[in-house]
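Have a look below at one chain only, the form predicted alone, in structure tokens format.
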């Protein structure tokens, strides 16, 4: 078990495909399969601690978030479905008032995941509903199995999404489709999610981990320093006008010309060799 693993969050350090490179991919699996990996206070605390560990750990080059596979069915009972995260643990909502809710939903693990400077990938197999959809939306890239389903069913509880989906979904899939998902509470399948821009890639369930790791390794092979600049710059497009965003890009681009990795990358290109990137 890793030092940041808990009873509800299993963390693996996955070696890179390239033995010549330092670091690894950090895969965090939400581990409450008997509850379809629903987000309770313990999961959220574990995810926040994981994010803090990732941000402070120079060896982490890319992050994968996943949900645990269902446990074998008990005799005479139907097996539980696959789930990335089936939502928040609704039992914790009983008796909560607005004051407690603001605390719970303002300083939370979804925002911690969104705030990571490292690249993040959601590996979605099965249900990604409510808070689960929001966890996926807080990652940079989403790769889904063809049995994945996405939805924001909070409306059926007399609620709206509370971990940022009304904002991040609208940026990903547009105003009209976000309203449809939030106001109907209906699920969409993986292919529709891909067609509207919610999902980057869809594959068979048995291929999901390999496809995700392939993507993670491609990203992890790049300069960590430059990846962080790319993420900052693209993220700036969400909160700025086009002119402001172009100015931010120009500043970030120019600053990279003072970096060791720019010199290394250009040198490797000219020599037709493999770049050796600096640590973050």
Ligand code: COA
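Not measured: the values here are computed from a predicted model. Residue numbers count along the first chain shown, from 1.
This next part talks about the form predicted in complex with this ligand, which is not shown.
- Comparing 168-176, 96-104, 111-119, 125-133 against this ligand in the predicted complex, the single stretch with non-hydrogen atoms within 4.5 angstroms of it is 125-133.
- Contact annotation: residue 187 falls within 4.5 Å of this ligand in the predicted complex, judged by heavy atom distances.
- Although the partner is absent here, residue 209 lies well away from this ligand in the predicted complex, with no heavy atom inside 4.5 Å.
- Contact between residue 197 and this ligand in the predicted complex is not found at the 4.5 Å heavy atom cutoff.
- In the predicted complex, at least one heavy atom of residue 80 sits within 4.5 Å of a heavy atom of this ligand.
- The listed set 48, 35, 235, 222 contains one residue whose heavy atoms approach this ligand in the predicted complex to within 4.5 Å, identified as 35.
- Proximity to this ligand in the predicted complex, defined as a heavy atom within 4.5 Å, holds among 181, 193, 137, 86 only for 86.
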